[in-house]
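Next up is one chain by itself, shown in C-alpha cells, the form predicted on its own.
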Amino acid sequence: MARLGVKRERHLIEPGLYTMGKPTKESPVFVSANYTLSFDALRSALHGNDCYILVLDTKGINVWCAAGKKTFGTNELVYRIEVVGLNDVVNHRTLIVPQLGATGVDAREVRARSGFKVEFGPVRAADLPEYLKTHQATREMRRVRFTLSDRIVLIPVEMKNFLIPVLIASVILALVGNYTAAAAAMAAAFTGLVLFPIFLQWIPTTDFSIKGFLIGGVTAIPFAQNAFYGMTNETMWVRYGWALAYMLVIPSISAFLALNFTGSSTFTSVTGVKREIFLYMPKIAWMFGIGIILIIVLIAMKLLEGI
C-alpha cells in the first residue's frame, strides 16, 4: 500500500525507543525515521540482533528526504535522546545513524549537546550485519546507488499522484473530438512517469529537467509529424499550429515530471534541486502556457467552424 501511495499519511509509527530481541545496556542503538518502510527495512536487516532502535519524528518521511528537510536532524535527534532517557538505558554513548541521514545531522553538535557520538553506518540497511562485525564501512557500503529496480518501484506512487489530472485532460480533449491531442496528453504523462525513471541514467546531461525535455521532445516528434501528414483536411498554418503545440506541451510536461522526480532520487542534492527549480521552472511554465493557449485557440476555431 505504501509503494502505491495509498493513504500515504498513515504509513508512519510513533517516535520513540524500540527494542529488538533482548537488548542490554551494552547493546547498540540504531537511529531511524518514523516512516514504516524505513523502519521495517532496518528491523528486517537487524533480525536476530539484540539492539535498540531510536525512531525520530520525521513526519512519516524517509531518512534521505527527511535529512534534506532537517526533520531527521540534529535538534530532533538530541530531543529524542532526552525524551526517551537514553542515558539511563545504555552504558555506552554511541549512536549508529544511516549514512543518508548525514545531511541533516551534525555529529559534533550532537555530541556536544547530548554526549552521544554519532557513527554513520552504511547506505543500505541490508549491509548492517556485515558492518557490525567491524563497525567499519567498506567503499561498497558507502556507495550510493539508484538502480533500475530502485527506480521502477517508485513508478506506481508517482503515477498515483498525477494520473487523475492527466485522465481528466485526456477525457476533455476526447470529448471535443481531438483524439490525437488526448493521446498526446497520455503519452506525455507516460514519458515523464514511466520512461524517464527507466532510462534516467542513460539520458544525456545531469540536470533532470533537461533530461525530461529531451525524452519529451522525442515523444513529441511523432505527434508533430502527424499534424502534417495526418491532418490532410486542415490548412497549413493549422498543421503548423498543432505541431508547435505538441513540441511545446509534451516536453514541458515530461520536464516538470522529471524535475519532480528529483525528490525521489539519491542522484540529486538539496542545492542542485533548488538550482533546477529556479532555473527551469519558469521555462517549463512558459512553454506549457503558450502550448495550452495555442491548443485552446485551435480547438475553439475548429468548433466555431462546425457551428
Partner chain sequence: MFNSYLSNTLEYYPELCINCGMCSTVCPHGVFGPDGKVAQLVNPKACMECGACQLNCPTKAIKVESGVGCASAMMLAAVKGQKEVTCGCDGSCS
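On a predicted model such as this, the values are computed, not experimentally measured, just so you know. Numbering follows the first chain given and starts at 1.
Keep in mind the form predicted together with its partner chain is missing from the figure; the text below concerns it.
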Residues Leu42, Ala126 and Phe199 all lining its partner chain in the model of the complex, heavy atom within 4.5 Å
no
Which residue among Ile53, Leu248, Leu56, Leu259 has a heavy atom within 4.5 angstroms of its partner chain in the model of the complex?
Leu259
Which one, Ser149, Thr206, Thr94, Asn87, lies within 4.5 Å of its partner chain in the model of the complex by heavy atoms?
Thr206
Among 174-182, 95-103, 233-241, 217-225, which stretch sits within 4.5 Å of its partner chain in the model of the complex, heavy atoms only?
95-103
Leu46 near its partner chain in the model of the complex, any heavy atom under 4.5 Å?
no
4.5 angstroms heavy atom contact with its partner chain in the model of the complex for Tyr35:
no
Check Val144 for me: does it contact its partner chain in the model of the complex (non-hydrogen atoms, 4.5 angstroms)?
yes
Hey, in the model of the complex, is Thr268 touching its partner chain, heavy atoms inside 4.5 Å?
yes
Considering only 105-126, what residues come within 4.5 Å of its partner chain in the model of the complex, judged by heavy atoms?
Val105, Asp106, Ala107, Arg108, Phe120
